[in-house]
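One chain comes next, on its own, written as structure tokens: the form predicted alone.
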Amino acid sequence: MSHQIISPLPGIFYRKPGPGKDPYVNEGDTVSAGQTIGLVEIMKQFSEVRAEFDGVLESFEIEDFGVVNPGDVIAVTS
């Protein structure tokens, strides 16, 4: 069964904690419930985006530095 990770707010999605850093997770990685998979930034405020279920990150639906709106699917896990 797949699960969608949804953006809680509008902004810019980042897969890394900062420039020159490794991504939080990559497609194919195992994720745990509560694990950070990226950040959404709005007006210099950064909010963590977390997996809600244990599973494998199948795909990112938003590119790194992509614009997201509330309710947009950021990633899919199974």
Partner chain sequence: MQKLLIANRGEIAVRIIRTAREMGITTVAVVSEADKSSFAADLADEVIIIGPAPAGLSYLNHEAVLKAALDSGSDAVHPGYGFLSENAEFARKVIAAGLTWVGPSPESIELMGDKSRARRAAIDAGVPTLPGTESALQEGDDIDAIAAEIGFPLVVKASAGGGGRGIRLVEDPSQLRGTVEIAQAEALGAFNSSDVYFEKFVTRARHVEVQVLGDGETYVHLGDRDCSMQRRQQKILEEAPAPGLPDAVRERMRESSVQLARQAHYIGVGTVEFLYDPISHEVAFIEMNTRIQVEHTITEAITGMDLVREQLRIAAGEKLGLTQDDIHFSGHALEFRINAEDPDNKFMPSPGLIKTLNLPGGAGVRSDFGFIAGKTVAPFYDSLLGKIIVWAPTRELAIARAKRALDESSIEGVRSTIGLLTSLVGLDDFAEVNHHTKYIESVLDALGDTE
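Positions refer to the first chain, counted from 1. Computed from a predicted structure; not experimentally measured.
The same protein has a further form, the form predicted together with the partner chain, not shown here; the description that follows concerns it.
Trainee: Should A33 be classed as touching the partner chain in the model of the complex when contacts are defined as heavy atoms within 4.5 Å?
Mentor: Close contact is absent here: in the model of the complex, A33 is far from the partner chain, nothing within 4.5 Å, heavy atoms only.
Trainee: Taking the shortest heavy atom distance, is L9 within 4.5 Å of the partner chain in the model of the complex?
Mentor: So L9 counts as contacting the partner chain.
Trainee: Answer yes if any heavy atom of Q45 is within 4.5 Å of a heavy atom of the partner chain in the model of the complex; otherwise answer no.
Mentor: Yes, Q45 is a contact residue.
Trainee: With the partner left out of view, is E41 within 4.5 angstroms of the partner chain in the model of the complex by any non-hydrogen atom?
Mentor: Taking the distances in the model of the complex, the answer for E41 is yes, it comes within 4.5 Å of the partner chain.
Trainee: Does anything in 52-78 come within 4.5 Å of the partner chain in the model of the complex by heavy atoms, and if so which residues, in order?
Mentor: F65, V67, in sequence order.
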